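Only one chain is shown below, in C-alpha cells, and it's the form predicted alone.
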Amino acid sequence: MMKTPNRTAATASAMVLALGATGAAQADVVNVFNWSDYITEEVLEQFTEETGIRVVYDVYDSNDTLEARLLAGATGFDVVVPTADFMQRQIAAGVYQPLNRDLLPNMEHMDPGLMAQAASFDPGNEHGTIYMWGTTGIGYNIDAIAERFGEDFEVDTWSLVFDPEMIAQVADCGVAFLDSATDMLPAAMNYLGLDPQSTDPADFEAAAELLESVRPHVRYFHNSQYISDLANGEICVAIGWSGDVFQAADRAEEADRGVNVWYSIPDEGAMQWFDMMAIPVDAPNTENAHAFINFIMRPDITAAITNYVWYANANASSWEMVDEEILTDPAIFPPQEVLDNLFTAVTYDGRTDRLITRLWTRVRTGQ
C-alpha cells in the first residue's frame, strides 16, 4: 500500500482550525460534524486559506450519536455527514434544509448513477450530496488467518465470522464486530439467505439468533477501535467499514511491525452505503456551509480525500486524480459484478426501530 500523511489532529475527538484570513476576507466560521478519521487536515487548511472561513471541526463514530444531537435541536452545526438511510428519516423529521444548487456549481462533477442511488433516500438529491461511499465487509490479519486456515485460504465468505466453528478458530487472536445494528443484522440476514432489506420481525429474530451463536467469540463491539487494533495486531478479524480497514492496513505498514491487514467483500454480498453532506435547518452559517460543501466537491479536493481515507467517492471528475492503487482496487471501487451483489440499507419505521434496538441490546450484552 502507498504511504499516506500521518493522522494527527484530524483523528482527535475535536479539532479547530483557525488559520489567519488573508486580504479583506472576513473571520467567518463553518461548524462541521463528521465521522472520525474521515478527512485530511490539509484539505481543511486549504479551505481556510482560500476562503478565509475558519473551520470548527468535531467528530463522532455512530449515526445514533449524530441523530441524537440533530433531533435535540440547536446543535450549532453547519455541515453534517449522515449515512443515507438515517438521513432519509431525519429529512422526514424536518432536520435538514434544501440545498441551494446555485451555490453548488461543483455538483456537476457528481456521477449521475451513484447520485441516483442516493436519491432513493432523498428524492432529487434535494437535501444532500454524496461525501464518500463504501461497503461493510471483513477486515483481517493476513498472517493470522493463514496460520489458522492455511496459506491458500481466501477470506471471501461471511462464514469466517458467522459460522460458530470458524469464528472459534480466530477467537484467540481477537474478533471485533461493529456496534451498529443497521449494519450487523442485515449482514446476518443476507448470510442466512433472507432478504437483507426485510422488515419482517421473524427475519430480524433469526439474524439476532445467528449473532448470539457467535457472540461468545467476539471480543468487543465498537465502530472505530478496530482500526488501531487491527493495525497493532491486537485483533485479527473485524466486521468493519471498507475505508476504515484500509486505514488500518496503512497504519500497520507505516508502523512496520510485521502486521499485514486487508479487506474483503464476501461473495454472499455486502451492504453498500452512502455518507451524505447535508445542512441542518437551524445552521447558523448557511452560506459558509454551501461554500464548504462546494469546496469538498471540487475534483482535486475529493481526490485528495479519497487518497487519504481510502474510501470510494462519487465525484466522476476526480477519478483521474485518484491514486491508481486505490482506483483499481476492487474492494474500494468494486467492479460491476461485485456491485450487482451489493445491497443498500432501508429506513425503518418507529416500530421496527424499537425491535432492532431491543434485539441489538440482547446480542451485545449476551442477555
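Heads up: residue numbers just count along the shown sequence, starting at 1. All values derive from a computational prediction rather than experimental measurement.
Omitted from view is the form predicted in complex with spermidine, to which the following refers.
- Although the partner is absent here, Glu67 is not a contact residue: none of its heavy atoms lies within 4.5 angstroms of spermidine in the model of the complex.
- Of the heavy atoms in Ala181, none are within 4.5 Å of spermidine in the model of the complex.
- Proximity of Thr40 to spermidine in the model of the complex falls outside the 4.5 Å heavy atom cutoff.
- Interface membership of Thr83, defined by any non-hydrogen atom within 4.5 Å of spermidine in the model of the complex, is confirmed.
- Interface residue among Tyr57, Tyr308, Phe47, Trp35, judged by heavy atoms within 4.5 Å of spermidine in the model of the complex: Trp35.
- For the options Trp273, Phe204, Phe162, Phe292, the one in contact with spermidine in the model of the complex, meaning a heavy atom within 4.5 Å, is Trp273.
- Screening 109 to 117, 228 to 236, 273 to 281, 71 to 79 for residues having heavy atoms within 4.5 Å of spermidine in the model of the complex returns a single hit, 273 to 281.
- Contacts between 151 to 168 and spermidine, taken as any heavy atom within 4.5 Å in the model of the complex, involve no residue at all.
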